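Only one chain is shown below, in structure tokens, and it's the form predicted alone.
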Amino acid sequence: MNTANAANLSNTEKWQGMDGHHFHPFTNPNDLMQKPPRIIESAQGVYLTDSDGNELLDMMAGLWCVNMGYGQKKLIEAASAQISQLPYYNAFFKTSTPPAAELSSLLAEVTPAHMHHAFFTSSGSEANDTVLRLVWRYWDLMGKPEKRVVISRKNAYHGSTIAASSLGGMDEMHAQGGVIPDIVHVDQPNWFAKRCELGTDLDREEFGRQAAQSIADKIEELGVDKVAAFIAEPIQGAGGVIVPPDSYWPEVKKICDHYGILLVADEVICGFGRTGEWFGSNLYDLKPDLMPIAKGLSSGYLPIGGVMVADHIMDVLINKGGEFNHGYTYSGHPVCAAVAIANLRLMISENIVEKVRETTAPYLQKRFRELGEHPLVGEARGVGMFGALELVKDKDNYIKFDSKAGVGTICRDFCLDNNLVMRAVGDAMIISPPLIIEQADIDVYIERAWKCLDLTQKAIA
């Protein structure tokens, strides 16, 4: 081993030792006792470099968030300039800052046309906590305080705070923290899972209508006088990149309109270009009443999120509401807001949404479908800069692996060993690359992914 490698190894061991004091999110702490974490030291574009000098293709954009890639100088300079001028001030008590004001105005330009007001948070979880408060406050002001039930979907992810995880539909999370009352869950529009459950083919569009009907059935069961809202991601992200049938969202909109309940489109992952439109709500013409945002708002450079509020909801809050007793220390943080402004302006100046829609996403989806030919892959699905590969035991007969076999985890580990970041959600291998990814990087991804699928197939044979 040469001197340089020895020095790198020494640094890795040093940081891993320090990290023993780090209680990691969504991680079994005992696993890190057996094998210490990989240390990511730097990044540029769509590639990460770890402390041993390995260069990994980041096909998850961090956690669905580094939309404009790593090392964007304009974002870095915006943070530096703002922290020098005004590192912090709050948005309480009739006070604002130039970045918070400018960002709210810019968001009113890029979000759906009926939304002109932003409430700022520091994360998507906080945004969905805020959604719950806003839904309940709205109906209280409308003289219907009994309308408190929010309908969500099974296997949905809306964050990990108590309120946000309650809105989500993941059993493993509920088992560790309970669920806030008045939140219920209905079927998700997961056509592939249903097809495997039945062991036969299934008409996709009819299934989409059935999945939507479960919302109406739940409203009828509970009573419309008690139901306040339905919340869902346009495309489920952390749930496994679940792309709904084309029939699903038109039916959901009809149901919400028919029963007069609020529609909340969680755009924390889908927002800011990932679908090939500015928002998933644009892609599916949703016109939501509330729209939580985060992640791609600053490309993950600094923590910021928010809730976009439809004009008719804001009118009620202005004319009937008085003080809204809700907020966070870092709501509208000036440095985070400055970086978000720089990020959105960079997206606009580089026409990144148009580039994704017209060039890179079609190329990614074309090449991604090639992975669906692998013997281990039962379905390759995706939209825009989303994708999921369903790993199955028998693709001809729709038979999944036993979940205890951990095939997705096996594949994920092979990916990391071969300098590829691809996430496992059960046995679905999912991607969400930076929006700046180029065709050459996509070709690298396909080559590495196919290799890792081969290694997985060999390991489980």
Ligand code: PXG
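For clarity, every value in this text was computed on a predicted model and none was experimentally measured. All residue numbers are counted from 1 along the displayed sequence.
Below: the form predicted together with the ligand, not depicted.
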item: 4.5 Å heavy atom contact, Arg274 to the ligand in the predicted bound form; value: no
item: Contact test in the predicted bound form: Lys295 vs the ligand, heavy atoms, 4.5 Å; value: yes
item: Interface membership of Tyr157, the ligand in the predicted bound form, 4.5 Å heavy atom rule; value: yes
item: Partner contact for Ser125 in the predicted bound form: the ligand, 4.5 angstroms, heavy atom; value: yes
item: Proximity to the ligand in the predicted bound form (heavy atom, within 4.5 Å), stretch among 117 to 125, 306 to 314, 184 to 192, 98 to 106; value: 117 to 125
item: The unique member of Val353, Val268, Ala78, Ile151 whose heavy atoms fall within 4.5 Å of the ligand in the predicted bound form; value: Val268
item: In the predicted bound form, the one of Ile399, Leu32, Ile39, Leu63 near the ligand [non-hydrogen atom within 4.5 angstroms]; value: Leu63
item: Within 4.5 Å of the ligand in the predicted bound form: residues from 217 to 243 (heavy atom criterion); value: Glu233, Ala238
